[in-house]
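First, one chain by itself in structure tokens, the form predicted on its own.
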């Protein structure tokens, strides 16, 4: 049920974003379900995390403290949407080439097969390095739980192609850990919009 709720919220947010004006003056909202604590509204925020990347380096929230970043969930043997998602991530990566304030975070959801050497090889085949794009692994529950915080889906499902079910969202996060936009990474036009949203977010920094 939690996954359905997050997916519904995500679809609603995409609808709202696409309904907004596309003028240069528009601002990106803070997405997610806020918390009410002692009468104060606290915006949704990505929680603390610690994962290991393709170079055996620890990756935490502090890795992205001075940048915006795009996150996704994938696995290297995925027979369905992952190759398209990765191509979309690579397209955004190359578009913002040379910018140290635009980073990328890809979480494998197949921690048994996607070892650090395998993630390293995957990154090398794409021609990218961990100074800008982190392919991370970690505890399975930690990855699946944080997928919900990203308003995404990542679950093991023996009936799904490749044994896993996951969404195709690419999620844009600001330096305060707030989700500011996302897109369907399988649709080029939606990826175009996300790149424009990254430009808007960079102007806020």
Partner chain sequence: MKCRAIFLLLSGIFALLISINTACEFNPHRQGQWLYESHCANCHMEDGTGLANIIPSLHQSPLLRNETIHQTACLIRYGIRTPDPLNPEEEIYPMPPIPDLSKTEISNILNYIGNHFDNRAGYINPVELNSILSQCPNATERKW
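Given the structure is predicted, the values throughout are model-derived calculations rather than measurements. Numbering follows the first chain given and starts at 1.
The form predicted in complex with the partner chain is left out here; the points below concern that form.
The putative spot formed by 79, 84 and 126 is fully lined by the partner chain in the predicted bound form; each residue has a non-hydrogen atom within 4.5 angstroms of it. Only one segment in the set 63-71, 50-58, 160-168, 35-43 has any non-hydrogen atom within 4.5 angstroms of the partner chain in the predicted bound form, and it is 160-168. Contact annotation for residue 96: none of its heavy atoms lies within 4.5 Å of the partner chain in the predicted bound form. Taking the partner from elsewhere, residue 132 is found to have every heavy atom lying beyond 4.5 Å of the partner chain in the predicted bound form. Along 101-118, these residues reach a heavy atom to within 4.5 Å of the partner chain in the predicted bound form: 112, 113, 117, 118.
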